[in-house]
Each structure stands twice: as C-alpha cells, then as structure tokens.
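So here's one chain in two forms, each on its own in structure tokens, numbered structure 1 and structure 2.
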Structure 1
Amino acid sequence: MNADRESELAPGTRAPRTQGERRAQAERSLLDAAVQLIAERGIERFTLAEVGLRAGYSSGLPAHYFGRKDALVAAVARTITERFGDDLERHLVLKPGLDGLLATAAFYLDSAAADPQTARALSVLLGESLHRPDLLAEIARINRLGTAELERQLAYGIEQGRIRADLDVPSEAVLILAGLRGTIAQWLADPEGLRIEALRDAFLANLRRSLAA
C-alpha cells in the first residue's frame, strides 16, 4: 500500500491484511489448535477436520495447508521448538559457557511451568516419534539442533576454564537435554506431588556441581 492510500485510512484503523498475512495467521491458529488436541488426546485420537474446527476455520483447511496428518504433527514439533528458541532469545541475554548453560536449563523448565499444555504436547510427540517415521526424522533433527547448542555452551565453558576439561562434550549435551525432558515428563505425570520450582533448583545445582571446573 502506498503512502497516499495509507493516508486515507481513518485514524486507529489498520490496512487490510495481505493474503500472505492471512495464510500465516491461519497456519499459526491451526498449529495452536493441534498443540491443544495433542496435549488433550495424544496423536491418534484427533482428526485434521477437528483441528480446523478447533482453530475456527473450515474442517478442510488443515488438509489444504499440511496435506497429511503426519505432516501437521511434524510441523507442530518443529513449531514448538522454534517458538522456544525465539522466546529464549527474547528473554535471555545469553552468556556463552556455564552461565549461559544454566540460564538455558532454567528457562527450559520455567517455560514448561508457564505453559504445561505445550510441554505436554511435546512430551507426547517425543514418545510417539518412535513409532512414526516422519515424526522421528523431525525429532532427530530437533535433537541435533538442541544438543549442538549445548555442546557450544559446554565447549566455551571449557575454554573459559569454568567447566571441566575432561568432559565428553557430545555425550554430556545429550544427557543434559534428556535430563531436562525427563524432569518435565515426571512433573507432568504428577503435578500435584512434584514442585517444578524445586525440581528446577535441584537440577541446576546438580548441573553446576557436575560441570564446574
């Protein structure tokens, strides 16, 4: 829209959204609806049509945008982790090394406490991926990205002299990610009996003790 057309708009009104903006909004709404249904029912017990209706669109829109249900489910896994990465960058000024690693772990657990529905959906996806080749490929890619960032933090901490130099860095990164996910899964299974804040504090303390030079 040019400046002359924008000047004709009444104060406080917005320019009509473009087709691309409308599609992006629809995709976000469909993915949000899929997160809700996966958290509530798991992967098997919902349909593409239900995703569309839950999102406030037609029952056929998810199939139009994503094709198959497996493709939608893989997109949900990708979206959850991408949103986490975006939130992490917005909320934390990451310092490489031990401090950044501890801050990332704390944010991971705090994010689950703030949005247990999304945390539950991700836990479902992680478990179900073992039986779904398309989803397994996406989870493997997500795992590689997550552990690569942890490896970077660990390696920098070793260079700083704040993290033990005798660590097997790739293995340690896998164990940290697995520990975070496992902690969240146990909390989701018993939120009344377990306090996520206490689990976070204990996890960070143990992580610091095990890594510190």
Structure 2
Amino acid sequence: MNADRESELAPGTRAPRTQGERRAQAERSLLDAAVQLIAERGIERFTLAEVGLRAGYSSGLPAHYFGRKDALVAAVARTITERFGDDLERHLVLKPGLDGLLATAAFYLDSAAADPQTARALSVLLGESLHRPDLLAEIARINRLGTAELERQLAYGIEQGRIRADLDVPSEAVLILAGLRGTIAQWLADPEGLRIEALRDAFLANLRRSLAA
C-alpha cells in the first residue's frame, strides 16, 4: 500500500534525470499518497507530513510543492476527476446511444470495483464538497462531465428511437449519475456484505427497463 518512488518505473527504465521529470514524478507520488490518505482518513485527518513520508520523501515536501493544504486537496480532486474523465472518454467514444449509456454505467461501477481506494477518495470528496465551497468548483466539473455525457447519450438514444421520448433528459441524467454514485458509496460502506457484480447487473437491468422506448 505504501507508495514507493521507484516501483512505478517499468523495469529497465532509468531513473528520470532532469529536474522537471523528477519534480513531476515526486508530485505524482505525493498525490497518490494523498489519495490513499484521504480514502483512509478523510480530508481533515491526514497531515501534510504524512503525505510526504508515505510517498517516500521528506515531511516538508508537500508544503514545499503545494503551499497550503487546501491546494493539495484541490489538486487531488482535480487529479482524480481528470484521470477518471480521461478513462471515461477513451471508453465511450465508440458507442453512443443506449448501448453507450449502459456501457458508461457499467464503466462507473467497474472502475470502483477495480480501484476502490480511488473510488473511496472520490466519495469522500463528494461528501465534503457539500460544505466546502472550495471543493465544489472541482466537483461541479466532474458532475458536468458526467451528466453532459449521459445527456448526450440519452438524446442520441431517443433520436435512434431506442429510448423513450417522454423522458425529462436533464433529470434523467442526474438520476443515473446519482444512482451510480449512491450505489458505489453503499458498496464501499459494506464491501463484505454486498456483491458489486450483483448490484451492477441489477442496476443495468433497471436502467434498460426504465429507459426502454
């Protein structure tokens, strides 16, 4: 679990030489460590010093790079949402419409199952954003990203005649995203008691029925 500077290098690659490369890598390690710590303890209960030490650097480095703790947290939020957004885009370009929509939903749930720590960190950030205006900006981005994609797919599916036309598209997009988020949170709260695959299958079945033209 403990991030290690070198372990992320592919075998045979050399340690990065330039200052810029070293800085970028250190920054990445710090952000990874921060994700872990946010998932484990929440935003308020980890210290900058811990982030540095867990990333394999000194206790002072996070402050040196990010200045204030808020900035580190914001960077974490941005990193998570950007990574997720990139992954999402790569997955979805090909399948618009109902199939794309179902694939998107499946992708959310599968991503959480594949990397629960990041999912947990994101859930924590979503929860905290309810009372932290500074986080809201970042969270609003990912919300827009998610709902925009869903709206696009819903509209396409309606156009194709595979999704019922009487939908309130914006509300529907919010509800789908909300359902995915809620399902992931519920699973993270009790990963032993719930089977994510069963939830996923039921979620997709529900979705198919509620959207059917």
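Note that the structure is predicted; figures quoted are calculated from it, not measured. Every residue number counts along structure 1's sequence, beginning with 1. Whichever C-alpha set is largest while still superposing within 1.5 Å between the two forms counts as the rigid core.
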May I ask which of the two structures is the form predicted in complex with a further copy of the same chain?
2
After superposition on the rigid core, does the Cα atom of A26 shift by at least 2 Å between structure 1 and structure 2?
yes
When the two forms are laid on each other by their rigid core, does R152 show a Cα shift of 2 Å or more between structure 1 and structure 2?
no
Between structure 1 and structure 2, how far the Cα of G67 shifts once the core is aligned, in Å:
2.9
